[in-house]
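Listed next as structure tokens is one chain, alone, in the form predicted alone.
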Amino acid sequence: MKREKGYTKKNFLKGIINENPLFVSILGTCPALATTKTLEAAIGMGILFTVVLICSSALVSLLRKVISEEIRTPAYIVIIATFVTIVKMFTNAFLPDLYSTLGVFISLIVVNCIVLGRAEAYASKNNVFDSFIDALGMGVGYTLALLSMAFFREFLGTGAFAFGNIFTFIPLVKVQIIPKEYVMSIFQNPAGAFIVFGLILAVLAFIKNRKEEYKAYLARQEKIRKAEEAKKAALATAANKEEGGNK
């Protein structure tokens, strides 16, 4: 089947911008609120989530003609659970601090509606390559959303950015920007996660509304311009007819 030009790029970017799982579709909010206390935890969650999403989408696409309609959803859950188990075992073996930080939320990737949703909505209907690109875009979009929340929560809640506490294979680095006596510890609590999430959604909604208003304004201006051009053309036609009649 012939694809439109730039389809692969659009397929990748839609998960980052127009169909961002967290900020547009409002999916996967539970792990987003729980694992964004620090940038390190958000990075870890984003990577694990993306790996599971890519692997499960690719395998679902590969087996889409083999899995029957009657057992489709249970089969997808088994596939996702398998990759989650593999990722969980590797994390526990090689990144124990990340494993202990994320805790049960690694296992809960199995029931994350984004992973199952992409398997149902996209991977089961498209080829492996397109499913891979779709999953990669959704994973990157979700990771960027987690990082944006973690940035504000860690900055406002601790006044610093620290690396090396979870990813212990890198040197421990901590940069204190706001003095500790001025930090707002609420942003390290669940309430702070809801506040940051709500504010980000509010800003995105404001930007979207402004863009829509601007598009509507341009459409009105274009309509007015065309009406004026039509009026001028009608007047010119009438003038030409009158001049011809006088002759």
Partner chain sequence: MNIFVAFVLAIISSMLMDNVVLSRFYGICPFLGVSRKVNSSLGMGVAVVFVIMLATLICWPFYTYILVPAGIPFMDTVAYILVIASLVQLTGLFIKKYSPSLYKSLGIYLPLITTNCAVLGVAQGNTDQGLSFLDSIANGLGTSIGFLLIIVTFSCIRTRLETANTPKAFKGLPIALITAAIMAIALVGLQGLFSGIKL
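Everything numeric in this text was worked out from a predicted model, so none of it was measured. Residue numbers count along the first chain shown, from 1.
The form predicted together with its partner chain exists for this protein as well; it is not shown, and the discussion that follows is about that form.
Comment: 187-195 is the region of 53-61, 187-195, 218-226, 39-47 lying near its partner chain in the model of the complex, near meaning a non-hydrogen atom within 4.5 Å.
Using a 4.5 angstroms heavy atom cutoff to its partner chain in the model of the complex, none of 156, 158 and 175 count as contacting.
At a distance threshold of 4.5 angstroms between non-hydrogen atoms, residue 126 is out of contact with its partner chain in the model of the complex. Proximity of residue 108 to its partner chain in the model of the complex: non-hydrogen atoms within 4.5 Å are present.
Its partner chain is not shown here, but in the model of the complex it comes within 4.5 Å of a heavy atom of residue 206.
With a 4.5 Å cutoff on heavy atoms, residue 183 does not count as touching its partner chain in the model of the complex; it lies far away. Contacts of stretch 5-32 with its partner chain in the model of the complex, defined by any heavy atom lying within 4.5 Å, are made by 26, 28, 29, 30, listed in sequence order.
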